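Shown below, as structure tokens, is a lone chain in the form predicted on its own; questions about how it binds or moves come after it.
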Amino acid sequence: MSTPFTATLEARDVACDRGGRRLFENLSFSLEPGDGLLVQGPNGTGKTSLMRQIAGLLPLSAGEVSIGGVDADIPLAEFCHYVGHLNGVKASLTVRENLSFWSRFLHGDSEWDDMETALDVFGLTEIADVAAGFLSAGQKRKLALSRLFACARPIWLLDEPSVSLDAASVERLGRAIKKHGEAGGIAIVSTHVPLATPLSYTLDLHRLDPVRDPHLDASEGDLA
């Protein structure tokens, strides 16, 4: 990437209803370029739902999520990379072909020439020509995360990204998130596993009663 990201992200009084139950409401936060937000809480508190709301895959029950510092005519979803619980891997395609598919999907007809970087981030170069159907669960997860590098987007939404990863790969993930932040990118991460790199803020959905200020500075020990 030749220039740093400039996007900001703001949530104002966001609420989420699922199955006739309100998971959270009046949730507000503001993230600047380079910020990271760690989303925590027990299962069922709305971590995945919040990610999907930001990605435009789930409607807001109330409130607004907006992006600044970018072209206002482009929808927020176009600036987001969402990696959820499902890997979205095509078993009949090789590792390289899976990434090529996603790069064409994200880039359209424009050429993408950073395949080797995407393969190298999680150590997939040596198995680039292996069909994805033969990969282990951890390798499939690394392939899914490699899509983050198929197209530069400022906002990463990572829902339990370390599932099935070994310790070395969790370290690689932490370094990738740190590098993304250094380039001005924003990362919102839901995880039960400590990351190799601290994030700027912590939002604990379990502590919302039903409202909790999400601006908890990591330096105050919220990531300990």
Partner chain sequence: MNAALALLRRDIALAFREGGAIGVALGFYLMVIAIAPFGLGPDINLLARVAPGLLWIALLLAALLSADRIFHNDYEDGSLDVLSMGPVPLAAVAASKSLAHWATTCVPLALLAPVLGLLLNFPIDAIPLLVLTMLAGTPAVSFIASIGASLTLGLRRSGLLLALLVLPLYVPVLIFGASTISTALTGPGSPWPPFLMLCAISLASIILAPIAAAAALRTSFR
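Here the structure is a predicted model, which means the values were calculated and not measured. Residue numbers count along the first chain shown, from 1.
Beyond the structure shown, there is the form predicted together with the partner chain, which is absent from this document and is the topic of what follows.
A.B. asks: Which among 53-61, 184-192, 164-172, 35-43 is in contact with the partner chain in the predicted complex, heavy atoms within 4.5 angstroms?
C.D. replies: Correct option: 53-61.
A.B. asks: Within 4.5 Å, heavy atoms only, which of L106, A128, A152, M115 is in contact with the partner chain in the predicted complex?
C.D. replies: By the 4.5 Å heavy-atom cutoff, the listed residue in contact is L106.
A.B. asks: Within 4.5 Å of the partner chain in the predicted complex - does that hold for a heavy atom of every one of R96, T197 and L205?
C.D. replies: Heavy-atom distance to the partner chain in the predicted complex: none of the three under 4.5 Å.
A.B. asks: Counting only non-hydrogen atoms and a 4.5 angstroms cut-off, does S146 reach the partner chain in the predicted complex?
C.D. replies: It does not: once the partner chain is placed as it appears in the predicted complex, S146 has no heavy atom within 4.5 Å of it.
A.B. asks: Using 4.5 Å between non-hydrogen atoms, is S136 touching the partner chain in the predicted complex?
C.D. replies: Outside the cut-off, so no.
A.B. asks: Test of understanding: in the predicted complex, would C80 fall inside 4.5 Å of the partner chain by heavy atoms?
C.D. replies: Heavy-atom contact with the partner chain at 4.5 Å: present for C80.
A.B. asks: Give a yes/no on whether G123 approaches the partner chain to within 4.5 Å in the predicted complex, heavy atoms considered.
C.D. replies: Output for G123 is no: heavy atoms all beyond 4.5 Å of the partner chain.
A.B. asks: For the stretch 87-105, I need every residue with any heavy atom inside 4.5 Å of the partner chain in the predicted complex, listed N to C.
C.D. replies: Contacts from 87-105: N87, G88, V89, K90, S92, L93, T94, E97, F101, W102, R104, F105.
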